[in-house]
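Shown below, as structure tokens, is a lone chain in the form predicted on its own; questions about how it binds or moves come after it.
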Amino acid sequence: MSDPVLTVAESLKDRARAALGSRNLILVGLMGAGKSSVGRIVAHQLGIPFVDSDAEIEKVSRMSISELFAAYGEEEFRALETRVMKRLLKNGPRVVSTGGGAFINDRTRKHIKKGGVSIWLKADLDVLWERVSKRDTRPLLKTENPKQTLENLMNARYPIYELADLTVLSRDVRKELMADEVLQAVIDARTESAA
């Protein structure tokens, strides 16, 4: 006799994979929302590749994100990010984790909208701060009051993140549960569009 819990989990993966088809699944949201950690699990569950756009940018530039910001500024970094995202989204399916500012850029957002299904991992300030305050590798948070800077980014970016195709609440739960909620959102969106 099969384990009913395993059967439900397998069914969720299979239904989400069928709903996604050949499209990419692009995770957007602020730093600390869980785009990379949840994205890796989702990709593994779906049996498709995972790509972190920041890691791709670092690979092509041979510089860290912090070094790129310091050397070229945010505007040049965003132009490179747009080019990398356009290339990443040409083929699918894959799960793509974006940098926090990628979806804010009009040109990059158009590539994301054309390149697959976007999911905003939405988190409140306390959850984000708890996650990002553990490391000082975030160039945008190298300010006198980084928590206030993070809140300012939320206020500026959340209205744009709302343009994503789907939204999943990122909170202090196991990453596997978040991944299952992402899969369910993909299934639910496909079911709603078919209705």
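We number the residues from 1 along the sequence you see. The structure displayed is predicted, hence computed values, not measured ones.
Missing here is the form predicted in complex with a small molecule; even so, the following discussion is about that form.
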Residues R171, K175 and M178 are flagged as a possible site; in the predicted complex, is every one of them within 4.5 Å of the small molecule by some non-hydrogen atom? yes
Should S37 be counted as a contact of the small molecule in the predicted complex, where contact means heavy atoms within 4.5 Å? yes
Indicate whether the small molecule has at least one heavy atom within 4.5 Å of a heavy atom of L46 in the predicted complex. no
So, in the predicted complex, is V51 in contact with the small molecule at a 4.5 angstroms heavy atom limit? no
Taking any heavy atom pair closer than or equal to 4.5 Å as contact, tell me whether G115 reaches the small molecule in the predicted complex. no
